[in-house]
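In structure tokens, the next block holds one chain alone, the form predicted alone.
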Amino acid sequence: MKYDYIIVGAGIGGLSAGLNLAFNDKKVLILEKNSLPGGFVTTFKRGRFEFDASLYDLLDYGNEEHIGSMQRLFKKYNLEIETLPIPYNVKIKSIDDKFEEVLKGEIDDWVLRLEELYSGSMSTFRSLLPVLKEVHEALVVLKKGRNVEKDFPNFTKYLDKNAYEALVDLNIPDATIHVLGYLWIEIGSPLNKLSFIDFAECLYKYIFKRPVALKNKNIDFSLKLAKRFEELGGKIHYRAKVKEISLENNPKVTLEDGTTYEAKEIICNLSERYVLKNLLKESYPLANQKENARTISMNGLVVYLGLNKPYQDLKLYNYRYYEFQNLNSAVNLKSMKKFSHHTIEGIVPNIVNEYASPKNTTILVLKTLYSSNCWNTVNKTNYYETKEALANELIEEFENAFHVDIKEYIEEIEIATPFTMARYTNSVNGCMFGPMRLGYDNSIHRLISYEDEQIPHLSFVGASSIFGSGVDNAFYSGYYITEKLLEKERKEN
């Protein structure tokens, strides 16, 4: 059977691509190897707890005053998504720096707190805000294919600078840079290598568009996107694992059971490296060179805990917790090359959503990342022993770092490793962020070189696409890439 477009992978990028194409009356088929849509944006049950796998902050959604691109696209597709506001409520601890503080309240509140900690932070940080706005406005113009050199001098000035270089140039005190830079762990690249443009856009979304949380579970969100896609005329085949993609003559996709589908264009919501090495029948030297020049981001261990006590009794008063060995991201990254290190992310969904778990219980999600291939030493014989030992170590580390007692209240526990991630989404080495946005391989240069690096009849959406990791970036990539394909189609016709 022939389609206009076949999308491989029903992750958020794939669903977004399908929505936009179906909205434009195209004949679209999504092939998903799992039995449910969403990729990492999914939910699983253990006992009486329902754990969301990944999505706790939906960026670029905004509010009535500052509508984000996510909210605009939801309205376009007539999607009603229930959300909850997320307060700025973050506890940060650094062992080497002997730093432990809570940043909370509105933006002015934690700017004042930074000023108390480091004199001079307030004025320099306020001077940063117009730069963040300029970067965002330049990106909007650039995505429309227009020139940005004349009207956006700061964008041009900092285009090829990393986040650390640019913040120093903007006179942000060094200590303030490293406290503000705690977000690097969410982007997956250290400040001395992360493009300032990518960092500025992320910070802009946090400050001006205000992240939100989903009122319902991850899987409800993904299923709602899938249902709307089908209402618009699209088709999804689940448990349809792709074995081969061929682009010669008529582009086609072959499943493991031998079923073949043809299309004018194929879109992959998969790791680009996985597709090039495992699925694509033909070889494209330029594409392989580009992909080999990219740096795969970190993988990690995630521990999902169902605790049989309310968060107030457990003294878990903050929505997010971060522990670092060192606030300097470049130094900290080096410590993350081994299994045992002191970098932890913790999140307590109940702080925002009282229905996150049953009454008088708490969900705590702990994550630690690795900047090396230390998991290569793990095999079938020591896998379960290793992951359980690491999970126990992570729980103890969190208890000691934030002075809480949670171990005796654990009712349910689930441990996800890089092998879990790789099995579920085919991500290379189980990485969570797609390729790192380092040096010239950042979202701007990917955007500018998109046409030159395009493989005929094959496109990528999601974390491996132009805008990098994050649900908002994945969703927007699906929209942006399909808009490019539709524009090309209109020109050809």
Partner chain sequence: MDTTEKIAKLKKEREEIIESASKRVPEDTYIDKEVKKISSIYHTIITDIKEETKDVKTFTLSADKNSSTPNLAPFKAGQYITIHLNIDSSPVTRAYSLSSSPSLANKDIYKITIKRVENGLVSNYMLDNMKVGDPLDVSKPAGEFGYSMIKDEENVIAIAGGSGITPFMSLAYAILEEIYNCNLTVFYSVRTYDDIIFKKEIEEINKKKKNVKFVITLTREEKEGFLHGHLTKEMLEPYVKEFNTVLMCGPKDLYRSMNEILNEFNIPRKSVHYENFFVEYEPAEKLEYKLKVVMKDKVEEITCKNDETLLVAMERAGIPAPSLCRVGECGYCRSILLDGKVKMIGASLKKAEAENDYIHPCVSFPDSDIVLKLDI
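Positions refer to the first chain, counted from 1. Quantities reported herein were computed from a predicted structural model and do not represent experimental measurements.
Beyond the structure shown, there is the form predicted in complex with its partner chain, which is absent from this document and is the topic of what follows.
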Within 4.5 Å of its partner chain in the model of the complex, all of Glu100, Glu134 and Tyr479 (non-hydrogen atom): no
Of Lys144, Lys338, Lys380, Arg126, the one that lies within 4.5 Å of its partner chain in the model of the complex (heavy atoms): Lys380
Among the candidate residues Arg72, Lys243, Lys277, Lys104, which is the single one with a non-hydrogen atom no more than 4.5 Å from its partner chain in the model of the complex? Lys277
Partner proximity in the model of the complex: Pro85 to its partner chain, non-hydrogen atom cutoff 4.5 Å: no
Taking any heavy atom pair closer than or equal to 4.5 Å as contact, tell me whether Glu354 reaches its partner chain in the model of the complex. no
Contact flag, Asn299 vs its partner chain in the model of the complex, heavy atom cut 4.5 Å: yes
Taking any heavy atom pair closer than or equal to 4.5 Å as contact, tell me whether Arg273 reaches its partner chain in the model of the complex. yes
Considering its partner chain in the model of the complex, find the one stretch among 412-420, 117-125, 324-332, 72-80 with heavy atoms no farther than 4.5 Å from it. 412-420
Under the 4.5 Å heavy atom criterion, name the residues of 23-37 that approach its partner chain in the model of the complex, in sequence order. Ser35, Leu36
